[in-house]
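Only one chain is given next, in structure tokens, and it is the form predicted on its own.
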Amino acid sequence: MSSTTSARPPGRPRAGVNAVVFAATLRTVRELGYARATVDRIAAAAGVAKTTVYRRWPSKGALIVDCLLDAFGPAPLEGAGQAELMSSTIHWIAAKISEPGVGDAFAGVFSDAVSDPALREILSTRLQDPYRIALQDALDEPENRVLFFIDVVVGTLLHRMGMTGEPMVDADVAALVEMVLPHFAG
């Protein structure tokens, strides 16, 4: 008599849960706005239990940060020379922020982090630091200059989202590049 055992542990399969939750997060933020996109609503939109979300992320802010990391992926850091690399980075971040739900989620979590030191730490270490370090290496610039570059570019893009509810149009992104490059590109 032979028996077969499954290699899969008991319970529901978990593969793909993060992707489903991230898609539901961006969709919920886009449809309801950041403030009304609660963990309960995100879980319902993803078709998972609220406990499934809280097992992975201790807070809405932590979920949003991981969702943004997934949405942004690695920075392309393309270009021959500092000016071209910085220009492509500005265009890349502007394009990512303009994706449905991404800019809203970024602006919302950024705003929440202003008065939440724990969230500010998550945002800084998990989202900003990997991109800052990659830019420092690619540009061969010190941390303070790269942080200022990030502040100017991301701050401007998020300000536009906050003031208009819309991402910056291509012509304005090109103007931002023209304004930023003379100061940063050597």
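All residue numbers refer to positions in the sequence shown, first residue = 1. No experiment lies behind these values; they were computed from the predicted model shown.
Below: the form predicted in complex with another copy of the chain, not depicted.
- The closest heavy atom approach of Ser59 to another copy of the chain in the model of the complex falls outside 4.5 Å.
- In the model of the complex, Ala118 stays away from another copy of the chain, with no heavy atom inside 4.5 Å.
- In the model of the complex, another copy of the chain sits beyond 4.5 Å of every heavy atom of Gln136.
- Contact check for Asp151: a heavy atom falls within 4.5 Å of another copy of the chain in the model of the complex.
- Note on the partner interface in the model of the complex: the residue among Leu26, Leu123, Leu68, Val53 having a heavy atom within 4.5 angstroms of another copy of the chain is Leu123.
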